[in-house]
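One chain is shown next in structure tokens, namely the form predicted alone.
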């Protein structure tokens, strides 16, 4: 029996504009447009691109014990998170396996929003509800926290690339005020009638300085009935900057080149340790423990402290020699220098904005580009292996009869702009 795919408010626009559509997380989503993945990828690194991300879900957590619940259910220590700031982490089960990764937005001490992946709103909301009883609020009062699943009640789009702020200035009501003191992973506004962030037509929105490409940009949350107009207005405002719509194909290659994981693919049904994303765990100063207890923390610490490493798995980023890639998944193998299979490939994509020159990777955005440099593209991604590997280790990735040579690295695309000062881009 065929499953009916969900659609975002922009679905008709995608189809009218030549998008190649496919099922992603139960949603009918654009993989790429007539421009193609390569040009969409390059547009973000060179100027700007927009993405329909309304397939993602939001969960509101409110009340006196909102922070206590999130401290229990999210890997990051949120005690020091300030109003108007957001933070990336993961939601684990008792085994230390990833239910989903998530960004937590703090409005105030009793109001938080959690942004999760496509189709995960109900699952995460249920997880939160199931663990409310685990809270100890004190004998003087009952636990006070409300969990609200906003799945398909909030629309979202991203604009990514160095010209994002210049383009948004044309559609925001008060851009100079909004962009003032807006560091990476901060946000302004909400969806209420008195939101401090608004479009020129008065529509409220939440504007977050974040994204999934490694490049400077913003994520925007808005009412579903306003997203189509916002999308069209931003496309019009971005014409002088060659702004284009981008699909999930470019989103995937951009995030791989930025060493960012895809939930349920690069993190999932195994312990969330020994990864490139250790910053998502609340390690104490000597890395021997955590600054808080959370669901899954005991399982993670028992894995880290185990002297017997049998069964322990490690995730590493890699780069290839050129743009050739292989299929990822259970049919793939990671082969070490002795010809032994030691794991599988989680992600293998091609970052088309980079290339090799004298054994060094350059990006088309690198300030020190060698004369005549042309980015031919380099494959990159993540492997899951059964042993610890040193940076620089050479491996072979194989899928059936196809093989590529790769190197373990700690970073891929250089000179990414996501963390740059906003004053550099306006």
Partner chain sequence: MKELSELNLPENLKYSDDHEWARVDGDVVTIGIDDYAQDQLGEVVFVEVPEIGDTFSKGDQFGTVESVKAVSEIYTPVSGKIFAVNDSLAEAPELINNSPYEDGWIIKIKADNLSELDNLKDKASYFQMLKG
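Numbering follows the first chain given and starts at 1. Here the structure is a predicted model, which means the values were calculated and not measured.
Unshown form predicted together with its partner chain; subsequent notes refer to it.
With its partner chain omitted here, the record of contacts in the model of the complex names 323-331 of 197-205, 323-331, 228-236, 158-166, defined by a heavy atom within 4.5 Å.
The contact residue chosen from 374, 360, 388, 394 relative to its partner chain in the model of the complex is 374, the criterion being a non-hydrogen atom within 4.5 angstroms. Residue 64 falls outside the set of residues with a heavy atom inside 4.5 Å of its partner chain in the model of the complex. Proximity of residue 20 to its partner chain in the model of the complex: non-hydrogen atoms within 4.5 Å are present. Although the partner is absent here, residue 69 is not a contact residue: none of its heavy atoms lies within 4.5 angstroms of its partner chain in the model of the complex. Mapping the unseen interface onto this chain, residue 26 falls outside it, with no heavy atom inside 4.5 Å of its partner chain in the model of the complex. Taking the partner from elsewhere, every residue among 32, 38 and 401 has a non-hydrogen atom within 4.5 angstroms of its partner chain in the model of the complex.
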